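Laid out below as structure tokens are two forms of one and the same protein chain, each shown alone and named structure 1 and structure 2.
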Structure 1
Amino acid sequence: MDFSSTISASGLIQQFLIGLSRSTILFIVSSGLSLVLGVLRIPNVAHGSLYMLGAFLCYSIATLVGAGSTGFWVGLALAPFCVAFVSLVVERALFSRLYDREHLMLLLFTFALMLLCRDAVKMIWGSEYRSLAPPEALQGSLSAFGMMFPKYNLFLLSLGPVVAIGLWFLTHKTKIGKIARAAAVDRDMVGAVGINVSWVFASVFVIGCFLAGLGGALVAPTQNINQGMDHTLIMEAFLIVIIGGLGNVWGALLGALIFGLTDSMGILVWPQFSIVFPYAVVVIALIFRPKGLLKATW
């Protein structure tokens, strides 16, 4: 099929930009999941629910504060910390008692948390769809090279490298990051030298959940906020972690770029079957690199 007559250069570039913006959200959420999975060895199925909770909290805080753009920025600043606080309570009250259990039990436990979170969201916010407008400074588009680029998408693109560099610095250059990497390899030895491994795990879990909440808050102005927004996201996040390399920040970024861009380009080229493109790429990547595109760091 010849697509040259139906796809313009401007449409291709704009769709590419949309794909990059979605890749940023996927990376932020997936990097948090990779961190938790790499250190705690917990397949946290509830990670997507925390992403959804971040979106709803950002909406509620922005609506409560009001005052134009101020509400959004306050919501963006507070929602991830609210999600992190909830995750800390859950980790200290429940997760910390289950680290020595089998992985299947941990998986079932996170699945139960996902269901509880979904019911809690329904009780608090109802089942109606919500929407949140971006701040005035990020509304509209910028004109460049004869094309229009949405300001909010450009804002998202600027955050991706910042988060990637920040996570790399945290895991490789800070004391807590080095201890977490050591605990991922041999938690018993880390505990034997007098380090409280339990609080190391709690810190890693909270940071990972903070990133899930941040991703939810950032995505709020780009789509409807609803109860089902966690389903597809968590499946995509797990695939990105797998193809990128467990615990590898740059692998998560590469996986998110591959997934987001193939999905976006698929919509442009063959919209009826666009959902197939990113999963086909994942299958091909796993055939040739079953351990991930980049080396696992944990």
Structure 2
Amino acid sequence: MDFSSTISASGLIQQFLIGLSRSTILFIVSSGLSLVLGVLRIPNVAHGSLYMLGAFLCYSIATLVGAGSTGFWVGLALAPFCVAFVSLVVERALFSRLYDREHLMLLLFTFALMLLCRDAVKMIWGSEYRSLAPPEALQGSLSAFGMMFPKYNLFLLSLGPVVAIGLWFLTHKTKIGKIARAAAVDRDMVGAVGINVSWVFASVFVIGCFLAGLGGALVAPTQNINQGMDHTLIMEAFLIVIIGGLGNVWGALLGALIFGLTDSMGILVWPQFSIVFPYAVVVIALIFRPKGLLKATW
């Protein structure tokens, strides 16, 4: 037993905020996964690959536009749309032809898509590690009250609520969102009232993939961009979706908060065995709420 003996209040707050900023990324990516899962009823295994694609595209666009801050901002703005466009093409050209097939076929398709994405990334970008700097305004860290916060993490932190409100607005206030929610509950009925379900599916799939791309573009300056980054994330995203409740976007928010915070707090309290904490919480959550913390749409 090697508990860290000197945990100060400021250390605790600092760790809490870092955990929150990590949760933001997890939320952005897993909400997209959850959205697709809720409406299309497909666990999109390729979600992590699209996240990776987002990071690589952000890197390429940023270096193409030129070094310095503008490059990154342009990359961040364009990369998610590029990912969304790729997913639209894939959905219309291939995926939409499979909707009336059995479920396993759809799952296999997303699995194949994951493998294709991985090889495409390897062919286009090669196997070297890539790294992108955060824009100048967000480099370094702010210190206050003896605490220290990396500016980029604070930026991520501020984006979380924006994405959450945007998603709420999309699903509750727009027509497409309302139809999508209806389709999640009863897709035959939605089709029966004369709505083109196929296009609803396409838009939800594209929005979900957009979120994956956004997540990837946002993490690009904090880690190295490489071929392995997809499967580390997809595991965590699936866990979050499962503890939150399948297909429930707010469940994804709750799951991401739990996962991100237990992770960072575990590191502070017991760094030697911190790997266990988030997974232990997942197990506990599933023992008490086997169907997830919030109501699943399945």
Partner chain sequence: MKKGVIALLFVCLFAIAGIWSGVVYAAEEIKVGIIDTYSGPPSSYALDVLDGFKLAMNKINAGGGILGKRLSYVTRDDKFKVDLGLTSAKELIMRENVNLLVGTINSAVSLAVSDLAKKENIPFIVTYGKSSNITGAKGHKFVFSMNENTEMIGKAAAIGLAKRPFVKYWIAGDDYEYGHAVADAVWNHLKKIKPDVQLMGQSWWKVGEPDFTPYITSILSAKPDAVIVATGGAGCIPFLKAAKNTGFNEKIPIYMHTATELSTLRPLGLDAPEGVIGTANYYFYYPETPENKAFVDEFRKAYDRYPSFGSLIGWCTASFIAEAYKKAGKVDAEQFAAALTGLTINSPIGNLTVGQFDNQLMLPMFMGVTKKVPGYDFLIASDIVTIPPNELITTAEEIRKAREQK
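FYI, numbering is relative to structure 1, first residue = 1. Rigid core: the largest C-alpha set superposing within 1.5 Å between the two forms. The structure presented is a predicted model; accordingly, all values stated were derived computationally and were not measured.
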{"property": "Structure that is the form predicted alone (1 or 2)", "result": "1"}
{"property": "Displaced residue check between structures 1 and 2: residue 16, CA, 2 Å or over, core reference", "result": "yes"}
{"property": "CA of residue 38, rigid core aligned, shift of 2 Å or more between structures 1 and 2", "result": "no"}
{"property": "Distance moved by the residue 273 C-alpha between structures 1 and 2 (core-aligned, Å)", "result": "2.6"}
